[in-house]
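Below you'll find only one chain, the form predicted on its own, shown as structure tokens.
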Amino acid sequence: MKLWLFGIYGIVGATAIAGERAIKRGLTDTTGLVSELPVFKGLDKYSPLDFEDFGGHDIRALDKNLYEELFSHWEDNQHFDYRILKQLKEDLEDIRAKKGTALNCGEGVLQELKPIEALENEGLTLEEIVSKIEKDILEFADDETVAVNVASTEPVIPFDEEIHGSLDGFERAIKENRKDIISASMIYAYVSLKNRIPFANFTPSVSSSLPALKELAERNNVPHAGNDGKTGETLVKTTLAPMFAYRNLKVLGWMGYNILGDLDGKVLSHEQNKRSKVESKDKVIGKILGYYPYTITEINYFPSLQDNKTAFDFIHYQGFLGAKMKFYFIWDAIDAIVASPLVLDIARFLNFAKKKGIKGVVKELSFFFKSPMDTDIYNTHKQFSDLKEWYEVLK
């Protein structure tokens, strides 16, 4: 397999690559990888945990190689053993990002990740940007390449039926240079699916969830999945909320307060970029319970935490005889460590899906996402059961 990452120099993408190389060298084990669980035995016949090469696009630090950029992340976070990183220098320094796009990525990206090195800054049209990204990917890709978007969260772009609702409208907008209505995540998904490369959106950005791009995936017989990797507080929410439903306890209110640092925190400190992330995290409770209790979901930047994400949750619920009770939990995790193995998992399962002739949205991969496409199943237990059954039937 080969893996192309949009946002390759971000801490999640860079750590995913380092993790795969560390496993290959025998420097660590496969803890954290869902695809390595015994229930998925045999997956390596279709998608070995042995990636031939990595590549990707980014919009900053293009004068550096992947090792240099990951070392910068490590200096800020010390998120894994430095002895491992040091032994991976040779593996990582040959990997370099290609220049990507930051089109409609919002003020959070433009202000917090500057200096930005984006294709649109060269005065290129939308058609030329698409062509350049396509050229980069095709020079890298083979029949076993998967692409994953791990770039920063974009603001919500208002849906335009004429442009976003059909592939013809979307491609016409590219030719007409409609930079106001098409974002980077849409471009990345479009180029991948157009070239029959399985694609996953690990971010809350709209990406391949557009009807136009779903149409493209179906037409080209290529699988895709998303949106927004489920790695922390929402993972706990979607695992815990079913308990209240199973025991017929009424949730009256659920408050989730999230604090985080690093580049992700900086970007999400801007309301424009934060909105889509909050929506993704907030709706899961009602989807699971079948009713919508009072909810508060907050995300705030806390610089000293760096890549640690901490969530404080308060649940007010009602039980027998109308008694009101409370439940609290705190989630504290290193974001890149809980997120990066899932990138490898998703890539392996999408490559497997392609080999089995699956096309369009792979809703059985909803287990990995906060806002899974084309399904109303948000219950972690049910999602995992569906993933196992899907694999058993196809293998």
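Being a predicted model, the structure only gives us computed values, none of them experimental. Sequential numbering from 1, following the sequence displayed.
Heads up, the form predicted in complex with a small molecule isn't pictured, but that's what we're talking about next.
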{"item": "Candidate stretches 189 to 197, 213 to 221, 162 to 170, 259 to 267 - the one whose heavy atoms come within 4.5 Å of the small molecule in the model of the complex", "value": "259 to 267"}
{"item": "Contact residue in the model of the complex, from Ile285, Ala184, Ile129, Ala147 (heavy atom within 4.5 Å of the small molecule)", "value": "Ala184"}
{"item": "The small molecule: the contacting residue among Ala353, Leu344, Ile59, Leu365 in the model of the complex [heavy atom, 4.5 Å]", "value": "Ile59"}
{"item": "Any non-hydrogen atom of Cys105 within 4.5 angstroms of the small molecule in the model of the complex", "value": "yes"}
{"item": "Partner proximity in the model of the complex: Arg348 to the small molecule, non-hydrogen atom cutoff 4.5 Å", "value": "no"}
{"item": "Interface membership of Gly10, the small molecule in the model of the complex, 4.5 Å heavy atom rule", "value": "yes"}
{"item": "Thr153: touches the small molecule in the model of the complex, heavy atom cutoff 4.5 angstroms", "value": "yes"}
